[in-house]
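Here's a solo chain for you in structure tokens, the form predicted alone.
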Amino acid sequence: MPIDKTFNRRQLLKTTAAVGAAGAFVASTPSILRAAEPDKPSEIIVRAWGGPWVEALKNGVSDRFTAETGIRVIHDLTEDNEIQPKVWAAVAQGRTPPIHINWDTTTNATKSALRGVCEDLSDLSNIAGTTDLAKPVGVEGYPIVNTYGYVYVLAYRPSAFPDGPPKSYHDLLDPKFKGRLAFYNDGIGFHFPAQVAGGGSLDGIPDAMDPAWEFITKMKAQNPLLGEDPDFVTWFQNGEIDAACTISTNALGAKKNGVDIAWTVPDEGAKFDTDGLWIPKGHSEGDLYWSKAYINSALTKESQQIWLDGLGLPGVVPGLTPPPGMAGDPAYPTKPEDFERLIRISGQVQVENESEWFSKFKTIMQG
């Protein structure tokens, strides 16, 4: 891209001052610069997760972006692992990618960044107002912007645990829970606690993980349900499960729908991770500009407050108010001491090994 165009776009994004509720929205630009804006596309496509996830994104970011710009936002609910090879193939073949923005796990996004398929986002003005959590680790610059953190809690139905919250994943091996448990279909969020539950140590990740696979094999005998984010909400609502290793948002979604549900961090700990937004290479200058504007808007305090209230998660903009009941919750870490029982594994280790872990988990569960 010519230098003068890059300069103009950066200067335009950096002059979107936050003045009032509307002015804080990144897409609001001074009227004197309106002529410098690239043509607006009629729509942009944002890949998202379903259920309470997409609803929160719609309310906090997408609807506000559309109201300000007139650009319709389409949410593509293709799973992140399914869209990944399609995006990679499009970039490699010089075709327009099937999505404008990918709402992705940071680990998956890092794989794409290392592959060189992500646009640089370091010129977004609102990055300067974010915490260190927004910065992706192990890559140069900002091919991804992390937007919040989350915990893979042990969610449970209190009526199934009359003596109090389950203290350990070993509690779920009780025969009464056979067919009444749930995990992600690739085991994400459970590999690390399983390593501890199996008698191993976190230092054994990734080279000595037999304890994890042995414990997961024991859990397989419980015939757990396997699915994705929206499934957990449905299963709890329908009374099909008593406990699940899932992101706290899914338990919160079921709770908002009237289900008696709670969550805990068991003795083995719980995985903490982040998600982010990124843009595949290959879009027109105008589509790229407005896709960047969308991500920049997601980094305003106003958008983060609404978006993350819907998810019950801590964001990357200082000064957010925790959703009702979430202040001090183990699933809403904000202070250093909040992370003491949470498991944080190097992003590089996850990028290099996650596919193998997913495959191993699926092999065990399908065996």
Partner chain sequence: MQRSPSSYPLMWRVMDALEAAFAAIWPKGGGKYTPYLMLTPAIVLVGTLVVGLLYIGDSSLRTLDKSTFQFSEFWTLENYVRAFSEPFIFTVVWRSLMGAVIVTIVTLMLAFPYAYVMVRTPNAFLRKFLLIALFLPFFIGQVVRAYGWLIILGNQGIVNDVLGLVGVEPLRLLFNYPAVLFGLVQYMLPFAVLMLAPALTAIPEEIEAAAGSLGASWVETMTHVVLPMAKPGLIGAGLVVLTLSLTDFAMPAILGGGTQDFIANAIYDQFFRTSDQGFGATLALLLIALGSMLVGVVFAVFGAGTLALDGSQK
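All figures in this text were calculated on a predicted structure; none of them were measured in a lab. Residue numbers count along the first chain shown, from 1.
Keep in mind that the form predicted together with the partner chain is missing from the display, and what follows is about it.
> Quick one: of 125, 81, 264, 130, which gets a non-hydrogen atom within 4.5 angstroms of the partner chain in the model of the complex?
Checking each option against the partner chain in the model of the complex, the one that comes within 4.5 Å is 81.
> To verify the annotation, which of these, 239, 141, 199, 286, has a non-hydrogen atom within 4.5 Å of the partner chain in the model of the complex?
Answer to the contact question: 239.
> Would residue 115 count as touching the partner chain in the model of the complex under a 4.5 Å heavy atom rule?
Residue 115 belongs to the contact set for the partner chain.
> Tell me, yes or no, whether residue 119 is in contact with the partner chain in the model of the complex, where a contact means a heavy atom of each within 4.5 Å.
The answer is no: residue 119 has no heavy atom within 4.5 Å of the partner chain.
> Are any of the heavy atoms in residue 156 no more than 4.5 Å from a heavy atom of the partner chain in the model of the complex?
No, residue 156 is distant from the partner.
> According to a 4.5 angstroms non-hydrogen atom cut-off, is residue 228 in contact with the partner chain in the model of the complex?
Looking in the model of the complex, residue contacts with the partner chain include residue 228, since a heavy atom lies within 4.5 Å.
> Report the stretch among 211-219, 292-300, 165-173, 231-239 that approaches the partner chain in the model of the complex to within 4.5 Å, counting heavy atoms only.
Checking each option against the 4.5 Å cut-off leaves 231-239.
> Just give me the residues of 170-203, first to last, that have a heavy atom within 4.5 Å of the partner chain in the model of the complex.
Sequence-ordered list: 179, 180, 185, 186.
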